[in-house]
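Next up is one chain by itself, shown in structure tokens, the form predicted on its own.
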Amino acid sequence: MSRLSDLLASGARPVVTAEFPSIDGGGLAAVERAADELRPFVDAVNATDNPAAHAHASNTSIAIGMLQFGLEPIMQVVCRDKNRLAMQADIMGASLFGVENVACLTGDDVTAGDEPEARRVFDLDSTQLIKVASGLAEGHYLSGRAIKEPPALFVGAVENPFAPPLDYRVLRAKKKAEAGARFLQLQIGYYPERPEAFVRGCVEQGVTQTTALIPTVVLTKTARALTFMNDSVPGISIPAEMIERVAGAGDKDAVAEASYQLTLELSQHALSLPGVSGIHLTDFRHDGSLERLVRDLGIGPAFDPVATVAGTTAV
């Protein structure tokens, strides 16, 4: 199975996953540059599928490209744009090249993107897609048609502990776990008490016995970025005092540092929760802060004893 699966099963250390940047040209050289920046510090990286309803290079092509450059992909598959045939084809096609990690998402509505006239598909929702992907790994298509040599798949999904109704989010997580999700990357959030309650509920409901929880944090540089997410990104709400803390830090450099420290604190809090198996990073700074964060947290491949030779890390 995938290295991500092995790491989560072992529980030896928190895993680090991240988002691969959207690619809009530049050939494989663009993929290689991004892979080189991420490879030393993360265990696996999401190959996004038209994020926020914007068209980019496809999820399958980016996932396969990542593998070529030594980076383990988590291929996102979004229900918004494709019917069940196309989604099964994506998963099976990518598996031919060794892509094993799959994250199933329902997806943002097309009105979130720059082509709102696009037709919605939503033939399946994320929980149904989890069942379909799990079925492929078991050796059959959704129709029941047999697959003689089924792909090795490690199936996951996302969940949002911050969106109301909050109690229902634990039940959704349980349904996804029962459908076959073995990891859940949690959506961005800035209210620490909400993931506390969510993770506690997942532990109580037995979700974490089968399914790893991986909260998401975001590296930003300005209060303006926080305000934009609060005002314009569905499902994200940021307390006014957090935005004010960053905005009032001082000059440009002080603001950037205050924003980093906020992310560090949220990361430390998330990793402290019993039942959390790692952290998922979204980097809007692209200034070396991702490396700084994993080093400040002491997690990831750079701190993996297996990757240490004669007392010197592999990075």
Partner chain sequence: MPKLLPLFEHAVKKPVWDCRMCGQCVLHSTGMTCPMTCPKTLRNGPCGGVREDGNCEVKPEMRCVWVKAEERSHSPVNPHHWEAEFNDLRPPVDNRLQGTSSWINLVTKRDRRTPAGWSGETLAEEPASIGAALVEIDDPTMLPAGFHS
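Residue numbers count along the first chain shown, from 1. The shown structure was predicted, so the numbers you read here are calculated from the model rather than taken from an experiment.
There is another form of this protein, the form predicted in complex with its partner chain, and it is not shown here; the text below is about that form.
**Q** Tell me, yes or no, whether E196 is in contact with its partner chain in the model of the complex, where a contact means a heavy atom of each within 4.5 Å.
**A** E196: no, not in contact with its partner chain in the model of the complex.
**Q** Against its partner chain in the model of the complex, would R119 count as a contact residue? Criterion: heavy atoms within 4.5 Å.
**A** Close contact is absent here: in the model of the complex, R119 is far from its partner chain, nothing within 4.5 Å, heavy atoms only.
**Q** Is Q209 a contact residue for its partner chain in the model of the complex, using a 4.5 Å heavy atom cut-off?
**A** No.
**Q** Would Y190 sit within 4.5 Å of its partner chain in the model of the complex, counting heavy atoms only?
**A** Close contact is absent here: in the model of the complex, Y190 is far from its partner chain, nothing within 4.5 Å, heavy atoms only.
**Q** With the partner removed from view, which of 221-229, 70-78, 196-204, 167-175 is the stretch that lies within 4.5 Å of its partner chain in the model of the complex, judged by heavy atom distances?
**A** Looking at the partner contacts, the answer comes out as 167-175.
**Q** Taking a heavy atom within 4.5 Å as contact, would all three of Q128, G144 and S237 count as contacting its partner chain in the model of the complex?
**A** Checking in the model of the complex: Q128, G144 and S237 are all within 4.5 Å of its partner chain.
**Q** Are there residues in 81-116 with a heavy atom within 4.5 Å of its partner chain in the model of the complex, and which are they, in order?
**A** Read in sequence order, the residues that approach its partner chain (within 4.5 Å, in the model of the complex) are R84, T106, G107, D108, D109, T111, A112.
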